[in-house]
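Take a look at this one chain, the form predicted on its own, written out in structure tokens.
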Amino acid sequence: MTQRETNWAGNHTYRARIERVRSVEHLQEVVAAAPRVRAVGSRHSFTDLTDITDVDDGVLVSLVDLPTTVDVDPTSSTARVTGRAAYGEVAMRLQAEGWALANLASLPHISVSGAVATGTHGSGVENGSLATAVASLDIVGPDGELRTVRRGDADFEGSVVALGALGVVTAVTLDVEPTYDVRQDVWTGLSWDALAADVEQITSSAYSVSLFTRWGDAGIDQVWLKSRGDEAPTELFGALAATTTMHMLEGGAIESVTAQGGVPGPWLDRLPHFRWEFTPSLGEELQSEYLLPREHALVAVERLRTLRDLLGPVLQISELRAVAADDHWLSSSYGHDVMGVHFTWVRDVERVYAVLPAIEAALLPLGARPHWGKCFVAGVDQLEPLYPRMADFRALRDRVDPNRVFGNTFLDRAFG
């Protein structure tokens, strides 16, 4: 009987049966026997990306029961992470051994393999998406065979951000570095004029920079600066330094956010926005994000400001973050340094999807690419011009999974 389980946001109920595999060998057996397979990960996708809705005998596999190990190789400065590990868990194990990742997303509760597969990112003008830290992947293919794809292999750049279309990832090897400290400072009341005059300096003013806004006349409500070491700006273009801990959402529980106030601490306790031990955010939500070439950031801001009356009734907060370019074919930052425009919505599917066409009409002509794991309405006709290596990915998928064992309706909409 089909289990009625949902994603993290609670807006999608999985249709297919969920099989909790006990070992990699068990996973190989399940994949080899099933006509259609997808992996559910930590369930932080906001759509049917990981579901199977077009066949009755498909199987969703969960790796939650597989043991998680984090094996550091000091010689190569890499760590092999197995299972359905979340970034917060991996970060704690690395820190205990004196190692660190170069960057983290705002939420440490997401799985390493799922975040990498969807091009998820943190922030920083010189920091690439989380996929740029990947040195190799272990993948169970459609025949149940386990293979490893390594940096430098011909298929590597097409296999890392692959939306689960090429197989089920059982291990990820990540670049690591010696542990370091980060301080987090919050500023309030940055005007639109200041942003327009100094956007490059503002987004480069710390190792990681996040700008939070509701698109009103007041401008940027909060700027979160995460600086490596003790150095941080003493002035921010007319913004005011926060004197108390801030949550980006009005009324949000401040105990759930990472430490602020300029006190240095370990990287894993500052780079995310939310603490590992707390359930984040203000409550039920949906999310969307669009990443566009950084040179168009101010045009995007002006276009979105004209939509504020449309967005306001369903918007909790927006966040602007810079991400460095990478070479992964389906990455939202492929070939371009980008600015990500993130939307945290109320959890109202009908009303949120009603405003997405206007956002996409404003941003897609600027080269904006939607985040694969979040809410968007663009189909293959709109997406294909945005991804120069889309045809190469299709060819790779045809070769690796010609029978579409890992296919689903979402991938049909995205790739045709």
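Don't overthink the numbering: it's just position in the shown sequence, from 1. Values in this document were obtained by computation on a predicted structure and should not be read as measured data.
The same protein also exists as the form predicted together with a small molecule; that form is not shown, yet it is the one meant from here on.
Student: Each of Trp8, His44 and Val169 near the small molecule in the predicted bound form, meaning some heavy atom within 4.5 Å?
Tutor: Judged in the predicted bound form, Trp8, His44 and Val169 all sit within 4.5 Å of the small molecule.
Student: Counting only non-hydrogen atoms, which stretch in 358-366, 49-57, 66-74, 385-393 is within 4.5 Å of the small molecule in the predicted bound form?
Tutor: Heavy-atom contact with the partner occurs in 49-57.
Student: Heavy atom within 4.5 Å of the small molecule in the predicted bound form: which of His247, His328, Arg183, Arg321 fits that? Just give me the one.
Tutor: Exactly one listed residue reaches within 4.5 Å, namely Arg321.
Student: Just one of Gly114, Gly124, Gly158, Gly340 has a heavy atom within 4.5 Å of the small molecule in the predicted bound form. Which one?
Tutor: Selected residue: Gly114.
Student: Look up in the predicted bound form whether Ala105 has a non-hydrogen atom within 4.5 angstroms of the small molecule, and give yes or no.
Tutor: Contact with the small molecule, yes.
Student: So in the predicted bound form, is the small molecule close enough to Gly373 to count as touching (4.5 Å, heavy atoms)?
Tutor: Within the cut-off, so yes.
Student: Should Thr78 be counted as a contact of the small molecule in the predicted bound form, where contact means heavy atoms within 4.5 Å?
Tutor: Output for Thr78 is no: heavy atoms all beyond 4.5 Å of the small molecule.
Student: Taking heavy atoms only, is Gln287 within 4.5 angstroms of the small molecule in the predicted bound form?
Tutor: The answer is yes: Gln287 has a heavy atom within 4.5 Å of the small molecule.
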